[in-house]
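Here you get one chain, nothing else, as structure tokens; it is the form predicted alone.
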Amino acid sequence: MSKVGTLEELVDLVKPGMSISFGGFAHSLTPLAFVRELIRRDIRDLELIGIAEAWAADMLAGAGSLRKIVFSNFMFEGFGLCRNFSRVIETGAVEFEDYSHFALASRFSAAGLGLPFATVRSLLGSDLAGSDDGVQRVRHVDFTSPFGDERVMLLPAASPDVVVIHGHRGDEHGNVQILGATAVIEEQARAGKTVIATVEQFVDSAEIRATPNHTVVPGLLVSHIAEVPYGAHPTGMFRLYDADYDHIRQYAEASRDPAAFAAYLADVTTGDHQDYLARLGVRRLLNLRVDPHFGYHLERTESGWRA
């Protein structure tokens, strides 16, 4: 049975009050076309659960879409703080829980295995578990192993209502292929109650079967899928297009001021995804295309070429 839909139909599945997690890491693999459509529709009261996925967190925080954020280390690599995210945390506008990457990934893994909790030791003694100000930043229970006297920490499994991922290729059955580093997309997909995928390109299922090593998320985990070219912009997709650093600089500057950021959001969420791409223009998008061998855009330097 085909699972294919449009981007708009996929966004219909997200309702106010849901918990949601987005794939991606730093300036790559982020389903930002989906995020922009969420903001355009003004879907609010969301709980975001994210590992270093700064883009979705910062944009949704700046749009006033979030009531709670469960996270580990949001920052714009090379561009400093996630200013919208920082503002809502510092002002107390949203609830939050603060974990390490490993701890939150373990919570996803536990949910994917059908377990009620994850067991970790790495947070013992850290100020995330409890600091001098008396604030407990993670939900946990200290526990002594019944097989000895070792202390461990139990963390509740994390199973978002919706997980949204973006991949390189997919088919009508929901199989999603990703090239290069995949962050924790597999763990997120196995943990989610409903998994939604956008991909750069649809291909025939025979092509998916011919390269099974690239199928990071199998169709049995995916409920709905849509073809959304440049769906990660302004983040990049390895072997397809680089992150748009000029756009990222524009974003970072706008995020310094709430009014400027509101104007930025109004611009990027006017119309649908095709309108967004049309405003960027063909020349700009083609200039982001990468060297087909190295997978990145190369620049000539005095000593040779660099990514």
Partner chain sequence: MTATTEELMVFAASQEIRDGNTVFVGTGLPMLAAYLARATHAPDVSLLFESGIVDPNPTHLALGVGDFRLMHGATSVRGLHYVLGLLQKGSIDVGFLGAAEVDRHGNINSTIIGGTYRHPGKRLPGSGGANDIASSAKSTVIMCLHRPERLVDRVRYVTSPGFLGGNDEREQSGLRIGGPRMIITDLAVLRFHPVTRDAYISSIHPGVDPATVIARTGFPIEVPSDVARTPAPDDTTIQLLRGMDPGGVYLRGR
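Numbering follows the first chain given and starts at 1. In this text the structure is predicted, and so the values were computed from the model without any measurement.
From this point on, the text means the form predicted together with its partner chain, which you will not see here.
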Location of its partner chain contact in the predicted complex, chosen stretch of 197 to 205, 222 to 230, 119 to 127, 169 to 177 [non-hydrogen atom, 4.5 Å]: 119 to 127
Indicate whether the candidate residues 34, 159 and 264 are all in contact with its partner chain in the predicted complex, with contact defined as any heavy atom within 4.5 Å. no
Examine residue 139 and determine whether its closest non-hydrogen atom to its partner chain in the predicted complex is within 4.5 angstroms. no
So in the predicted complex, does residue 251 come within 4.5 Å of its partner chain, heavy atom to heavy atom? no
Whether residue 73 contacts its partner chain in the predicted complex should be assessed with a 4.5 Å heavy atom distance threshold; does it? yes
Does residue 293 reach its partner chain in the predicted complex if we count a contact as any heavy atom within 4.5 Å? yes
So which bits of 20 to 35 sit within 4.5 Å of its partner chain in the predicted complex, heavy atoms only? 25, 26, 28
